[in-house]
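The chain below stands alone and is given as structure tokens, in the form predicted on its own.
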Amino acid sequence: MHKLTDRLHRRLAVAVVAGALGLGALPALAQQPKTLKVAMHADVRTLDPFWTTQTIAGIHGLMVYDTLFSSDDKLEPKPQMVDTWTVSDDRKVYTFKLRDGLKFHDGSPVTSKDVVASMNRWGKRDGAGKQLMGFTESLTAKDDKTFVWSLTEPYGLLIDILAKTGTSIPFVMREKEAMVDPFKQIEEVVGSGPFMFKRDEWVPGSKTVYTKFADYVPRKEPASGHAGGKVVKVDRVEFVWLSDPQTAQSALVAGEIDYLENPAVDFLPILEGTPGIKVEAHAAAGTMGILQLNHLHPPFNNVKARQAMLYIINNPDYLNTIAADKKLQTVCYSFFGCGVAMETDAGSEPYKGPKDYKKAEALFKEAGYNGEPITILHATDHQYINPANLVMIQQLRKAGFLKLDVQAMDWGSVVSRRAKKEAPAQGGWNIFITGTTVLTSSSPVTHTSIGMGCEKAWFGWPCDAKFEELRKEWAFAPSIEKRKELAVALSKRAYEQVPYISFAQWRNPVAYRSDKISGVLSVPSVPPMWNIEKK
């Protein structure tokens, strides 16, 4: 026993001497990097957050890039990269100054030229960005830290749009990447955000790695939503891709991962009953499902066929499959979401009423449908899109007169194929399912899927000049009362034209090891990894 004690004392003495001489800690006592292991709802396959509206691309973007403004936990816009700004008396000219200490991961300073190039690139892809750029007279760099945004009209939503946290988010890139054609993906990922992307450790289909950016200067305000100080308290974050929900849940229970972004509803009771695990629902209204129709090709290029779908699709069926817990459900027929200022179900009578297959069949015949196959892109590896597809397919088959061509694939393949404008027989599509946050949908301007700007619209390419004119009116409305009035008109027109079908609204809880991590922020949109600390 005395020999063992003496040996231990000698080891400790050597360690103390080594430290005093600057030799570093002994290997056995070396500090291990603090690594946060996270399972997200999808695998990171796309590195360009402007190229796609995939939520996972937005999450990746939040890790690597920073924004001019962002939204706090009360959904109010707050400055992020911007230090100060002024607005002219006629509300047409905004002058912004960047805060000190902003630099990219390669060590170069962030300048106004980077901002201007980034906003121009983003504005060619994002729905709200396109509308904002339509009212932009010029966007110029005055000096390295100052840029001026001049509008043709007093468009009061400029700051709100720059602060949006739903994809695609207006991130600031280096000018080099921002000058890349917006319809081509960037190849280099060099941001100025709190984490650096480790391309050499990226294994698509397996793992995406980020490390702390030591030179990032957080804001001094406390973290709130996506605003405030982005203080990184870990050395590494690993997004581990686990496509099977049961495997992901088991990994959390076993402590192999620290954070599960989107646990399957079926497993929530198990997670809630496991010591050391906390299940937490976001404070915001949650997610809305989208059944997207292709307006370019038969049958849904004819409005009658799109209207017919309202007599087939049964909204509550999706809720009971995706979010069986009644506390997480909201039966909602508002294109702008429920529980928000613009909530309205005006024009929804065909959708809310009893299902009527004979009426639907008659409308399809009026549209010229003769039994041609309807191509459905079925993502089988997505936590809520897969079961939603199964419900939709069952409902369409129950109608009895539709011929379905269901093509199973992973979500990444759906994302690639949904951009194709070719006919379904030539590699295109008729229907795919996705979703969006209620926060994004709550404004007709930031709501990407509802836009009907023809070739400028989102996938599906809805086209209706009257609807777009109403959206413009809403953006310039002088009061909340007037906006609510216009929201009713927008809802009625949307139910007439059916740009897509909203099939559910539910809240997504997250689950994490509360015995291993702390500081998880409750946010209304994509989850941030800053402020989280390993115990």
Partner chain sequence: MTAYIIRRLLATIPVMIVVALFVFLLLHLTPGDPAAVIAGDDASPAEIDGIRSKLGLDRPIWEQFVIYVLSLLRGDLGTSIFSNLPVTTLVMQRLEPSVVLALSTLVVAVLFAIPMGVLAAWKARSAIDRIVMGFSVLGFALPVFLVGYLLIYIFAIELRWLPVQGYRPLSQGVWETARSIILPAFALGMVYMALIARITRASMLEVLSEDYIRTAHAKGVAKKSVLLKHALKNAAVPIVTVIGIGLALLISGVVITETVFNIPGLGRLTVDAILKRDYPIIQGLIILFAGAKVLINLMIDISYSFFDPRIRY
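Under this definition, the rigid core comprises the largest set of C-alpha atoms superposing within 1.5 Å between the forms. Please read these numbers as outputs of a predicted model, since none were measured by experiment. Numbering follows the first chain given and starts at 1.
In what follows, reference is made to the form predicted in complex with the partner chain, a form of this protein that is not presented.
- Here is the short version: of 361, 175, 160, 381, the single residue with a heavy atom within 4.5 Å of the partner chain in the predicted bound form is 381.
- Interface residue among 135, 401, 202, 85 relative to the partner chain in the predicted bound form, by the heavy atom within 4.5 Å criterion: 202.
- Annotation: in the predicted bound form, residues 104, 218 and 518 none come within 4.5 Å of the partner chain through any heavy atom.
- For the chain shown alone, residue 435 is a contact residue for the partner chain in the predicted bound form, at least one non-hydrogen atom being within 4.5 angstroms.
- Contact check for residue 167: a heavy atom falls within 4.5 Å of the partner chain in the predicted bound form.
- The shortest heavy atom separation between residue 149 and the partner chain in the predicted bound form exceeds 4.5 Å.
- Although the partner is absent from this view, residue 411 contacts the partner chain in the predicted bound form, with a non-hydrogen atom inside 4.5 angstroms.
- Partner proximity in the predicted bound form, defined as non-hydrogen atoms within 4.5 angstroms of the partner chain, places exactly one of 209 to 217, 353 to 361, 330 to 338, 241 to 249 at the interface: 241 to 249.
- Although the partner chain is not shown here, in the predicted bound form the stretch 36 to 65 places heavy atoms of 45, 46, 51, 52, 53, 54 within 4.5 Å of it, in sequence order.
- Comparing the forms between this form and the one not shown, the C-alpha position of residue 195 differs by less than 2 angstroms, with the core used for superposition.
- Once the rigid core is used as the reference frame, the Cα position of residue 137 differs between this form and the one not shown by less than 2 Å.
- Core-superposed comparison between this form and the one not shown: the C-alpha position of residue 459 differs by no less than 2 Å.
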